[in-house]
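First, one chain by itself: the form predicted on its own, in structure tokens.
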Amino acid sequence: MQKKEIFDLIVKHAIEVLPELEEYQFQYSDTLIKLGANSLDRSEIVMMTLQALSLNVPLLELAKATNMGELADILQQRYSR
């Protein structure tokens, strides 16, 4: 799976959790915090994405991501293993 596909999956789940973002044009540089996601929202978005990808990644590793693009990078690297 390519980074763009994983990014789109993150976006899909972000919109499910935060429906007010449905019309927003997401960028790799966006952060979930700046988009209004609280810690529970962020956890839910990440868990939904991990489940969709059938991945088990330590949350500490995912915490290294500073934006949605970096989160997609980490997930893509883990998915490719």
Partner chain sequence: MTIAVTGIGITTSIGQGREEFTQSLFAGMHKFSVLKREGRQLPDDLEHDFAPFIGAEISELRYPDDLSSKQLRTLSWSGRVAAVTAREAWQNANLDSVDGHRVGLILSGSNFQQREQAVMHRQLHGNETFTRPAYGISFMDTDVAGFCCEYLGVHGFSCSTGGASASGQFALINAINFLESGSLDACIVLGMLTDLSHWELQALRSAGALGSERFAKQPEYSARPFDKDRDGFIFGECCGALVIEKAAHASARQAKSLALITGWGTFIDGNRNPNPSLEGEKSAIRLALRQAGITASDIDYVNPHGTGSLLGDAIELEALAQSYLLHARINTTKSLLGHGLAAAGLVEVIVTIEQMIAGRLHPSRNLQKPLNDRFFWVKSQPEICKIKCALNLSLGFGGMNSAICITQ
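Treat the numbers as computed from the prediction; the structure is a model and nothing was measured. Positions refer to the first chain, counted from 1.
As for the form predicted in complex with its partner chain, it is not shown, yet the points below apply to it.
**Q** Thinking of 17, 44 and 55 as the candidate spot, does its partner chain come within 4.5 Å of a heavy atom on all of them in the predicted complex?
**A** Yes, each of 17, 44 and 55 comes within 4.5 Å of its partner chain in the predicted complex.
**Q** If you check in the predicted complex, is residue 31 within 4.5 Å of its partner chain, heavy atoms only?
**A** Answer no; every heavy atom of residue 31 is more than 4.5 Å from its partner chain in the predicted complex.
**Q** Does residue 27 reach its partner chain in the predicted complex if we count a contact as any heavy atom within 4.5 Å?
**A** Taking the distances in the predicted complex, the answer for residue 27 is no, it never comes within 4.5 Å of its partner chain.
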